[in-house]
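Next up is one chain by itself, shown in structure tokens, the form predicted alone.
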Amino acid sequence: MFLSARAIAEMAGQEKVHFLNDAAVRTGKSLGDAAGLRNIGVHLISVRPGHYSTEHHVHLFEEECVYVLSGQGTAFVGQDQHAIGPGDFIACPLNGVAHSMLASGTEPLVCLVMGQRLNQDVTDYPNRKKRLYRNNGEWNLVEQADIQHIKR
């Protein structure tokens, strides 16, 4: 499937506020959905200055990556902070470290975000001390303190 630059420009963006962080507001266009991709998410996102891209998180089973197209910001990767701008790339491998971005400057931070779309995933939100279990469309959010680890 081919999407022209014109078709992408004419696509309506959807604004999303992260369910755990009201300061994480972004507008996105799902290029992958529009092109019929089922196993890879490809999103063109725009984050206004002063907003986060998402709540700080780490996936235990899905990989994702970000390529910065325009704007300025800060990438939070684990305990590190990196100034980011056009041409920068952020890779988030399996069982990596928590990550998020904050848009700064005077124009939106625009990025191409790609990631796997598995039927099951586990996502930790360390700043909120929560864990999300996603299983075939069902989402279950729990307090990390309530998780019982069973030794075998």
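Start at 1 and count along the sequence shown; that's the residue number. Bear in mind that the values here come from a model prediction, so they are computed numbers and not experimental data.
Another form exists, predicted in complex with another copy of the chain; not displayed. Remarks below refer to it.
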query: Exercise: Ile84 in contact with another copy of the chain in the predicted complex, heavy atom 4.5 Å; finding: yes
query: Heavy atom of Asp22 within 4.5 Å of another copy of the chain in the predicted complex; finding: no
query: 4.5 Å heavy atom contact, Thr106 and another copy of the chain in the predicted complex; finding: no
query: Close approach of Val47 to another copy of the chain in the predicted complex, 4.5 Å, heavy atom; finding: no
query: Stretch 1-29: residues contacting another copy of the chain in the predicted complex, 4.5 Å heavy atom cut-off; finding: Met1, Phe2, Leu3, Ser4, Ala5, Ile8, Lys16, Phe19
